[in-house]
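This document opens with one chain alone, in structure tokens, the form predicted on its own.
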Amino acid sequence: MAATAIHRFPQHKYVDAVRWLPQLSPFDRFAVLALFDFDSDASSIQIHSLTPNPFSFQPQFSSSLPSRISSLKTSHFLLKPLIVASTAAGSLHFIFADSSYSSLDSEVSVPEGALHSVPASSVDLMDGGVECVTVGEDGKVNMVGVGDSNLSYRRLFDSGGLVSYTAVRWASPMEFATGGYGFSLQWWDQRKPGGPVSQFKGNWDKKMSSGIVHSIDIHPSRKHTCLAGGSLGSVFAWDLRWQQQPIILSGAGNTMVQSISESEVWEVQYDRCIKSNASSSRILPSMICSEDGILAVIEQGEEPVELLAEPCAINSFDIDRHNPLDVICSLEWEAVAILTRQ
């Protein structure tokens, strides 16, 4: 599968993250950008509209945040678009747009220091926007409940700094996975408090023991398999049924698979463009973006398919759930690229 069209839109600000917004109408397409202006040291969330003919990507409205955004997710809540952003100062912001996406409806936030003593490394928002889980390098895991006009939050776990968490992903309304240093992964179940119910230590290769998991994805049809991307171009799967035997899909330190990148894999997502086969034992195809400017599809046992190769880092991307042939990604050199595949 190859990209049939690539559109680049300069932003004149650093694009820390991009996400598609839930589609409330088949005729409206919107995306949200996390922007940082080096000249003014200002951070903002900006919603853009996408129109196909002529193809354009225009800002609709912008909301300022107190510091640089460290993680960005989108969902919907009570039929409203919901954006959640964590910042380098440790605050967490829930931004509700109106149904037309043309203005800010409301915003509620958790202040600095309430959840993390360092920036939240990663947040994930449950589908429907009811609960948000946050993790940080300070070893804290928090649950934030989203109400109509208020937030409630509680500490789920605190490692006391003995373990650092760098990625998180919901698996079900009660379960989620986290990742951290040493290519470690943890599985949590809120019905069993006190810590993770299962752990994976990425010690399959001594040379890679210092690697970091940057991103996690879990497919709804295969909750038992956790997909992870991180240092040295590594992409691997952790199957809870065979807990200490990772399935290596890509990585500079592994000679058994063909690797598409040798640098940090900043984000990994299952490629929803390809229909899943529940009876298959193979890992479902995934998409990755990397520090060395690669956007690619990785499939177990197949050669990687390069969709985009840039002279700068691609630090985030998102596959449109409603139109999975469309992919949006942020280019380090102050631009957004939108790909439409055939």
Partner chain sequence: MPSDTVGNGALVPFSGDPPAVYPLHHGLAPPIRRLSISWSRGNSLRLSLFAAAATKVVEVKLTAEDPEISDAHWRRIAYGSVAPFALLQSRRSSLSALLKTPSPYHSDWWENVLQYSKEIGSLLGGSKLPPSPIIEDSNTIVKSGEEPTSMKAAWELIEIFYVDKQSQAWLPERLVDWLADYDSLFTSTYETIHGKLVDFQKELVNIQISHFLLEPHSIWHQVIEDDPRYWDLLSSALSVGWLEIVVKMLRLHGSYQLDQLSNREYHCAFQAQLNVKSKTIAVTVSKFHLENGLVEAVAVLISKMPRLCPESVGKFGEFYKSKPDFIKPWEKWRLQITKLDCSPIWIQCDNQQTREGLRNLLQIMLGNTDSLCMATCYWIELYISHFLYIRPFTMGIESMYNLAQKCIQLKPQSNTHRLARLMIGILEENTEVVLAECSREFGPWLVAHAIELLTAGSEQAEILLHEERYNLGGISIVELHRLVYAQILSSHTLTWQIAPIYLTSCMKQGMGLLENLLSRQSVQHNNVLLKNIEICRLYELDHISSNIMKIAGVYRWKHGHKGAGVFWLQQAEDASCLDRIAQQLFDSVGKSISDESFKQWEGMIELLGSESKHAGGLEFLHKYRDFKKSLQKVSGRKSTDTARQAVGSLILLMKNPSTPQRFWLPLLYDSLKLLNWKDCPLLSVSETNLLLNKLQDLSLAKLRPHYSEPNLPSDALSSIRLALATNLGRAILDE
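Numbering follows the first chain given and starts at 1. Note that the structure is predicted; figures quoted are calculated from it, not measured.
Quick note: we don't show the form predicted in complex with its partner chain, though the next part is all about it.
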Partner-contacting position among G147, P220, G195, P111 - heavy atom within 4.5 Å of its partner chain in the model of the complex: G195
Contact assignment for its partner chain in the model of the complex, among F96, W266, W170, Y101, heavy atom within 4.5 Å: W266
Proximity to its partner chain in the model of the complex (heavy atom, within 4.5 Å), stretch among 175-183, 75-83, 123-131, 221-229: 175-183
Contact label in the model of the complex: Y270 to its partner chain, heavy atom within 4.5 Å: no
Contact flag, S91 vs its partner chain in the model of the complex, heavy atom cut 4.5 Å: no
Non-hydrogen atom contact I212 with its partner chain in the model of the complex at 4.5 angstroms: yes
Contact of F27 with its partner chain in the model of the complex (heavy atom, 4.5 Å): no
Its partner chain in the model of the complex - contacting residues of 33-56, heavy atom within 4.5 Å: F38, D39
